[in-house]
Ligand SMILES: Nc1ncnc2c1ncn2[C@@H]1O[C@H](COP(=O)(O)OP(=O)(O)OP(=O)(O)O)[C@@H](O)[C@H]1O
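Heads up, the chain below is alone and in the form predicted alone; it's given as structure tokens.
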Amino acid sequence: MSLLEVSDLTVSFGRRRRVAVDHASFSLEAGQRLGIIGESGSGKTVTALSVMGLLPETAQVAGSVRLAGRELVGLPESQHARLRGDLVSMVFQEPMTALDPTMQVGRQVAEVLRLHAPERSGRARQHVLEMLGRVGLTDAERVADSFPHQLSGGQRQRCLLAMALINSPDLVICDEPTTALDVTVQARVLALLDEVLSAEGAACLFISHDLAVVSQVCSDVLVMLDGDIVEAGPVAKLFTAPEHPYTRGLVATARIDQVRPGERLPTVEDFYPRAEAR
């Protein structure tokens, strides 16, 4: 049995039932790293929020999402809340939004322990400092006692990673976790994520619009467009032999370093005109 099994997941919104995810099916094994790539509005974040049980009340969900054999579609919020931060956790795109600006970072990380691992909460401070150190924050004491606005973007994102990993979840979902960071910090955070996931043995569902970024973390990838999964397979195969026109466009735009001076970089529309989207 796979750790995560998604079957015919369909998510729509509003009275007109605008479809955001259309009969998506995929699976994720324990310890596997699977990327979901696509442009804004392709359905990748909605797919992740379906797993987390964080869709708005206006969402209509059909199909099946099973985590460690447990059906999540239709699961009461009280039961879903017990899974979040314990069996599954999420690293969001913008840490200034995800972190409480009025609370010291160390207390926020410790809160996850208090909610899901009360037997460890007596030594919460020590566990928090150890986890902050593991995600590359060498001055863990200062960081733990700081408010989010007193930290850099890279430090805040590492704090979110510490919060997501402190209970050793089986699955970590990353929703474009490096988009708000500059290129240098992004590379460091991705390398750190790779290292910590390996040490924890956690599976990862990594969401991005950038195939090059996904290739640094994941072994396999799904390509989404307009709510559909249009291609899936190992990252190496998609980079070298993409089959779907939309994927070919994504690969072309990811290879910026191969474009010679004065040469026009191919766009997605060169490979997949929007008029032919369906």
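So that the term is clear: the rigid core is the largest set of C-alpha atoms that superpose within 1.5 Å between two forms. Keep in mind the model is a prediction, meaning the values are calculated, not measured. The first residue of the sequence shown is number 1, and the count goes up from there.
Although it is not shown, the form predicted in complex with this ligand is what the next lines describe.
- Each of S42, P56 and H149 places at least one heavy atom within 4.5 Å of this ligand in the model of the complex.
- Contact with this ligand in the model of the complex, defined as any heavy atom within 4.5 Å, is confined among 106-114, 162-170, 76-84, 149-157 to 149-157.
- Taking non-hydrogen atoms only, A20 approaches this ligand to within 4.5 angstroms in the model of the complex.
- Residue contact check for V213: none of its heavy atoms lie within 4.5 Å of this ligand in the model of the complex.
- Remark: R142 counts among the residues lining this ligand in the model of the complex, judged by a heavy atom distance of 4.5 Å or less.
- With a 4.5 Å cutoff on heavy atoms, V46 counts as touching this ligand in the model of the complex.
- The Cα shift for Q108 between this form and the one not shown, taken after rigid core superposition, is smaller than 2 angstroms.
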